[in-house]
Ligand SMILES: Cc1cc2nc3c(=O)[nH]c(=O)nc-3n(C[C@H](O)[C@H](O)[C@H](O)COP(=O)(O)OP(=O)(O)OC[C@H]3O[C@@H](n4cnc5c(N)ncnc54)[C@H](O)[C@@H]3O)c2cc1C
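For reference, the chain that follows is the form predicted on its own, supplied as structure tokens.
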């Protein structure tokens, strides 16, 4: 990959420059923000701002919190590892460790938090994971130079015997084992985070934001009938794929992906399962006589209605990967479908929303190879941010992305490396489009 003329690989390109935020005199020492969306991304963002002295309003279209992808009865906290140096791999490693730290602190304050850090096994269900197993098995110094150093701290390769001993059930193949990973109740997590934030975070349910507009530095949010919902100089859209429904954000490449979990009755044999297992789906150890299994993934489908065929798919994939886990046909007692927001590169969109007209005017010729110093610093829509596109990894990624947003809004040192920030930037797809005309 060729570089732009005059480009220093250790400097941040001007199209990734961040805005600065000057505290208005009338706001004194306290700032106010509005977060749209009361799932894990929105709530962690609100809490990250609250601990910095902000007051935050969360606007939620549903009658309760965590009704979308954050509303499953149980969810797995697990990193997404990558072999070799990549911003994606670095992000998920750092995000996983950040989440573990936050959950430990929350558990100390609220012992009732249903965080089960019982480890997670990942079977070699795809060629990608099989390659990871093969790479991580090798102990040569040359190979370990190509593996992000954090990976070795969070994952192990186990043979089938060791994997079976940890799982409590028979595993017929090598597997990746994440001893620090586990499973959690996402709805309870969201509730306790709000409880911890106290009066600094106010929740407004049953309120749909139909439009956003800015006038003299103040954003006005209105519903579909044009009634006033909220006003603030800072707005963070954390409402999944609906974040791209506004005129200002329509360019964001957010897609829907339907996922359905199934709840099945445990049996004498399945009750022996002692850790969560991921395969082409996943299964979580028994709780109150039931297992959560899942999850289907249908890109482009925005239906949240449960489907019998998805339950059957979840069961068929489980029985194919773990044929001896259930002695008979698992009995389905419940199911739940939700729509996740995804991006083309499987990384969330986190940060300020670009001034699309400015980007088009100033960066449309990136493919021509002009010296990098000839380009102006990026400009954004003042006070408008997004934190969305987490896909199925929100429980792992949201705590870190919330810190990314909060650190930017408070003009603190960036909470992540420059390479991670550029990989998360909501502008990255626009920049790639303008660079695409050549081999830059």
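Positions refer to the first chain, counted from 1. Everything numeric here is computed off the predicted structure, so don't read it as measured data.
Form predicted together with the ligand: not shown, discussed below.
Although the partner is absent from the chain shown here, none of 33, 195 and 404 has a heavy atom within 4.5 Å of the ligand in the model of the complex.
Partner proximity in the model of the complex, defined as non-hydrogen atoms within 4.5 angstroms of the ligand, places exactly one of 164 to 172, 67 to 75, 352 to 360, 110 to 118 at the interface: 67 to 75. Among 40, 47, 400, 386, the residue placing a heavy atom within 4.5 Å of the ligand in the model of the complex is 40.
Taking a 4.5 Å heavy atom cutoff to the ligand in the model of the complex, the contact residue among 235, 277, 181, 295 is 295.
Proximity of residue 56 to the ligand in the model of the complex: non-hydrogen atoms within 4.5 Å are absent; the residue sits far from the partner. In the model of the complex, the ligand stays beyond 4.5 Å of every heavy atom belonging to residue 377. Although the partner is absent here, residue 396 lies within 4.5 Å of the ligand in the model of the complex, judged by heavy atoms. Residue 317 falls outside the set of residues with a heavy atom inside 4.5 Å of the ligand in the model of the complex. Interface residues of 248 to 277, taken as those with a heavy atom within 4.5 Å of the ligand in the model of the complex (partner not displayed): 259, 260, 261, in sequence order.
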